[in-house]
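The form predicted alone is given below as one chain in structure tokens.
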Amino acid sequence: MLSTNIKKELISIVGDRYYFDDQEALITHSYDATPMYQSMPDAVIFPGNVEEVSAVMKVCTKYRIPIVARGAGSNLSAGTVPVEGGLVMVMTRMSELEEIDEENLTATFQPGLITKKLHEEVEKRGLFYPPDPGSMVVSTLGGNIAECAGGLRGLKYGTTKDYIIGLEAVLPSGEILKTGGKLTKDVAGYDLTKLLVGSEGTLAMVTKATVKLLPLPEHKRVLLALFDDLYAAARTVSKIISAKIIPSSLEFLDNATIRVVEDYAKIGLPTDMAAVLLIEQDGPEVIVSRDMERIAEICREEKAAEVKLAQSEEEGVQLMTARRSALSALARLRPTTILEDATVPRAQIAPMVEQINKIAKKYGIQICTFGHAGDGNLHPTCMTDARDHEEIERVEKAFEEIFDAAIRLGGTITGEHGVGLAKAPYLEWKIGKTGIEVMKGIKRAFDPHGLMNPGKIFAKETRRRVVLDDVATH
């Protein structure tokens, strides 16, 4: 709980309707969508404009109060858990879509705008904002920016960092920083826009963003390819890309995920297949037809058990919706669902899935794997029970070995969820001591008192790497 004087200063900025320190508010902002992480803040505040954000930041710096930015709290790396207490600053009041500029093909909005809302508004005008995280129905764009969210369309269109071209952000000192703008080209000094995207709220508070938009693709088609051989599915992914075809989505589901999704969605997925590839292409109709014909040929050349082309856009939407429902389907199985995102080069997908299955068997736990095969971003997902401490210890050891296996296969500990609190002990495995020190130097330049989202990205202690002697490389 903050002192009475500090509380008065903060209420004088936002009004007593937007400052909370009652138990209900503190508990509901003590966790996010990441299982097993919780820590109580001292207060929760909802600023309404950039001037209020600036004034609140000045108060926090004066009294050295930690500040945790929060949107919808849908992140999956415990990035918005106030692990050192302090003030949770919720940005959902600042949710205005300020402008869609059809001449410059840009949109400008406040950070609390729901991602899906931006999609709907730009698509009404025949425009397109590609990043589509699985949480886009509830997630805020400010959260997407903080975590550099990805999604199913990352292979062809990239992720959030590829679309943010201008930002307004407030430094811990209260000073307002403006970067970029409605510019296609801008090389004036360091690229502070890109630096802030994915910084997980550890450098500054984003209060406005400008993104570039694309013309809305005029046509889409979806293809389902079924494989009874995991390696054949993986080879198909590489062969499609080698054929110079970049699908808008190229998704993978392993057998365990297929069975759970089919039980949930009832769309006719064969539950005896080793893997399913769900492939979507968009663009001019003639190009989409040409690409889908070639993709189907490649699937057959790699001995796909069956290749099914969706007969209508509605059927395609149904299939992609089933893929998007994978996490919801898996979450029905046990009380706790841990969704991770180890990422490997796409040629290493099959060895990585085999390693995940081997590790799950070793520790006697249930892990299903699905993800964005086109960019190697896999989501090994463990169904467990946080109340079973002995099982949770086995789950933690298993994921430690999975992250190690990903790095040994040339991958990384996170492809789109961010480091946050959950992956912090593993960051040094990926970037080394020098990388950690460079990043800490950047942090000090923005946040000399260490107030912005403390405890995230940088762990107090790096985990010792486990030793695997059987990582497949074929």
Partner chain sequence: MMSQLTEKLKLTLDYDELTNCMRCGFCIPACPTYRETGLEAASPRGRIALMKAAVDGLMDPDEGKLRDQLNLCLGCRACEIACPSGVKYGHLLEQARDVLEEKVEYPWWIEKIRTLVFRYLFPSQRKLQLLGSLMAFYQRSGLAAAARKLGLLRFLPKQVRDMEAILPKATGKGVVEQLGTIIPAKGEKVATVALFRGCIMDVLFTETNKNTVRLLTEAGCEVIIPSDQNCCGALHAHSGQRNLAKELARKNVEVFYEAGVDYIVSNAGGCGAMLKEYDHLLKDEELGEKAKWFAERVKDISEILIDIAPLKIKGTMNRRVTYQDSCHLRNVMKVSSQPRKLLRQVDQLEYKELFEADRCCGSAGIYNIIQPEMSMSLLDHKMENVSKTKADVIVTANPGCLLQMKLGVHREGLSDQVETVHIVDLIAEAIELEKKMKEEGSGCGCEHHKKEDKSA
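Residue numbers count along the first chain shown, from 1. Only a predicted model underlies this, so the values are computations on that prediction, with no experimental measurement involved.
Beyond what is shown, the protein has a form predicted together with its partner chain; the following relates to that form.
Partner contact region in the predicted bound form: 37 to 45, out of 444 to 452, 37 to 45, 401 to 409, 425 to 433, criterion any non-hydrogen atom within 4.5 Å of its partner chain. Interface residue remark: Gly73 is counted as part of the site for its partner chain in the predicted bound form, having a heavy atom within 4.5 Å. Among heavy atoms of Pro351, none comes within 4.5 Å of its partner chain in the predicted bound form. Taking non-hydrogen atoms only, Arg334 approaches its partner chain to within 4.5 angstroms in the predicted bound form. Taking the partner from the other structure, its partner chain in the predicted bound form has a heavy atom within 4.5 Å of a heavy atom of Tyr31.
Comment: its partner chain is not present in this chain, but in the predicted bound form one of Gly134, Pro172, Gly376, Gly86 has a heavy atom within 4.5 Å of it, namely Gly134. This chain is drawn without its partner chain; in the predicted bound form, the residue among Ala296, Leu192, Val138, Ile241 with a heavy atom within 4.5 Å of it is Val138. If you take 13 to 27 and check each residue for a heavy atom within 4.5 Å of its partner chain in the predicted bound form, you get Phe20, Asp22, Gln23, Glu24, Ile27, in sequence order.
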